[in-house]
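Quick setup: one chain, the form predicted on its own, written in structure tokens, and binding and motion questions come after.
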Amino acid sequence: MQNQSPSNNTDPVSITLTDRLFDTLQRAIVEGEIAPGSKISEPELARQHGVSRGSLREAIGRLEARKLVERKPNIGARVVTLSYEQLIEIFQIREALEGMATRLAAQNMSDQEIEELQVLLEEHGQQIEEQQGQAYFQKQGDLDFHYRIVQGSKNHHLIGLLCDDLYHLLRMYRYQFGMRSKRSRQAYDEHHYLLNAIVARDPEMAELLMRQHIRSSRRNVEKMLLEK
């Protein structure tokens, strides 16, 4: 969900340290620097990052809220271990929710937001050419095509679910199972079809295309995992 506004009684310096630590640990977990299943050692991390145990615990609590860390009785905090079943569930949820978000984006995105999305997709096309069609892995946040569309829905609950709760888990899967795919060019073409539907302000077509796009991605991931 969206980050809560800090309490007026909280030291601003502490907030800054906690935010920075949270971002650092989240990136390390998502990109595999801290491996799935790893035990979270509070003393070691506090020493390594030069922060108080209080700031560290707050950052870990936020990671737990994003489902990147889990606490177990008599074990403590660990990075989540992802399963095939969990990944398929995430794709099923995304198909429904991102379809809805794309429908709303076709209605609610401003002309300027759509123009910026067009520019972003052109940059992605250049990236694919540089990778010779072997990779299409987008940077997070505003540099992510799907993220921009969800934001364009203007629906705060959808944004919270897709851009916070599920977003980083999905990126963690992408890093864990590899980013290269023979579907790169096809995925890019599908993004173009989606963009055309949004430009045309056609919410029904936009939703249909997003659902088909995510379903194709899921089938591709299923095939890749079965081949491992």
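The term rigid core refers to the most C-alpha atoms you can superpose between the two forms while keeping them within 1.5 Å. A residue's number is simply how far along the shown sequence it sits, counting from 1. Predicted model, so just to flag it, every value in this text is computed and none were measured.
There is another form of the same protein, the form predicted in complex with a further copy of the same chain; it is not shown, and what comes next is about it.
- Kindly indicate whether D144, E190 and K223 are, all three, within 4.5 angstroms of a further copy of the same chain in the model of the complex, using heavy atoms. No, the candidate spot makes no contact with a further copy of the same chain.
- Counting only heavy atoms and a 4.5 Å cutoff, which of 144-152, 122-130, 76-84, 92-100 contacts a further copy of the same chain in the model of the complex? That would be stretch 92-100.
- Message: Quick check on R47: any heavy atom within 4.5 Å of a further copy of the same chain in the model of the complex?
- Response: R47 lies outside the contact set for a further copy of the same chain.
- Message: How about T16 - does it come within 4.5 Å of a further copy of the same chain in the model of the complex, if we only consider non-hydrogen atoms?
- Response: Because a heavy atom of T16 falls inside 4.5 Å of a further copy of the same chain in the model of the complex, the answer is yes.
- According to a 4.5 angstroms non-hydrogen atom cut-off, is L104 in contact with a further copy of the same chain in the model of the complex? Taking the distances in the model of the complex, the answer for L104 is yes, it comes within 4.5 Å of a further copy of the same chain.
- Task: Could you confirm whether L158 comes within 4.5 Å of a further copy of the same chain in the model of the complex, counting heavy atoms only?
- Result: Within the cut-off, so yes.
- Taking a further copy of the same chain in the model of the complex as the reference, which of R27, K67, R201, R174 has a non-hydrogen atom within 4.5 Å? Exactly one listed residue reaches within 4.5 Å, namely K67.
- Query: Considering a further copy of the same chain in the model of the complex, which of V51, L169, L195, I40 comes within 4.5 Å of it through any heavy atom?
  - Reply: Exactly one listed residue reaches within 4.5 Å, namely L169.
- in the model of the complex, which residues of 41-66 put a heavy atom within 4.5 Å of a further copy of the same chain? Contacts from 41-66: R57, E58, A65.
- N74: CA shift of at least 2 Å between this form and the one not shown after core fit? It does shift by 2 Å or more.
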